[in-house]
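Quick setup: one chain, the form predicted alone, written in structure tokens, and binding and motion questions come after.
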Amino acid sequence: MTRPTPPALELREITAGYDRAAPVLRGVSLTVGEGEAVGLLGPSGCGKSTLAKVAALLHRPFAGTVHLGGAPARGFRHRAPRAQRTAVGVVFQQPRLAADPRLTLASLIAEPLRATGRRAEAAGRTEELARSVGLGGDLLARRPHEVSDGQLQRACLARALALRPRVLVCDEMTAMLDASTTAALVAVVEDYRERSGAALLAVGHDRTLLERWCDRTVEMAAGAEAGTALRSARRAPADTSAG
């Protein structure tokens, strides 16, 4: 009898925040299957970005567990084992806060490769990634203050894909971008997922975008008494009726 494939990402009973006396999240559970795209919807302040950081092993919860490919996370941030830390790629809302202003875009993209001792492949992989997100020419020699938000976010997405993650967490990735750049970056993510089979957790407040992009959406609403409730809905099938 074949065993079922474990989820790519599973968050179990997560309680998290920045003050134990008043956690932002209380007992939240969320599953993202292998190759699945899940959209996490919710208003500002409901805790969805905190949940995204927990999923990316960047924030230790007060209670609950994170599982990647069926294996429990054995640490967070620099204490996470390299294999688990590199299994998740993350793109944040504000690229200027996520990028070292001293680095060129080329160095920014290559950062994960160099940090994991893969300097030999850094040049070729950086060129490949830059091309995939629409960056080239002298842009790669520029620093963050010399490029637009959209160009910098393209570099941040390329950086997130550098180590070929099995799970991609996009936390409001397109919130600061125009429609054409949003479409371009979503297309890059989907191309990567199609080729790699990676799972996606896309966090945002744009219902239309997430419902079109993801296989299902999960809606988050915070309440002081009830904790945090998640309501899930699958993407509606395309209308193939005549007329």
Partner chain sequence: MSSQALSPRLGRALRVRASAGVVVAVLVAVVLVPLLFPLDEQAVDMAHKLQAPSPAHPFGTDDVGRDVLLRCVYGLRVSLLVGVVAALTATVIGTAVGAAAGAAGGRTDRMVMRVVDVFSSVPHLLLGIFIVAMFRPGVWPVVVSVGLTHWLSTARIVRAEVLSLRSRDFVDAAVSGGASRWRVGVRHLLPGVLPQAGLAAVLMVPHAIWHESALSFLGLGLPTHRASLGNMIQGARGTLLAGDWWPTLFPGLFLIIPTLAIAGLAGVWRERINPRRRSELML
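Positions refer to the first chain, counted from 1. All values derive from a computational prediction rather than experimental measurement.
The discussion below concerns the form predicted together with the partner chain, not included here.
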In the model of the complex, do Leu157, Ala179 and Arg212 all reach within 4.5 Å of the partner chain through at least one heavy atom apiece? no
Though only this chain appears here, would Ala115 touch the partner chain in the model of the complex if you measure heavy atom gaps against 4.5 Å? yes
Gly124, heavy atom within 4.5 angstroms of the partner chain in the model of the complex: no
Answer with yes or no whether Thr86 is in contact with the partner chain in the model of the complex, where contact means some heavy atom within 4.5 Å. yes
With the partner left out here, check for me: in the model of the complex, does some heavy atom of Arg131 sit within 4.5 Å of the partner chain? no
Since exactly one of Leu135, Leu161, Ala99, Cys170 fits, which has a heavy atom within 4.5 Å of the partner chain in the model of the complex? Ala99
The partner chain isn't shown here, but in the model of the complex, which of 182 to 190, 29 to 37, 50 to 58, 197 to 205 has heavy atoms within 4.5 Å of it? 50 to 58
Are there residues in 63 to 77 with a heavy atom within 4.5 Å of the partner chain in the model of the complex, and which are they, in order? Arg77
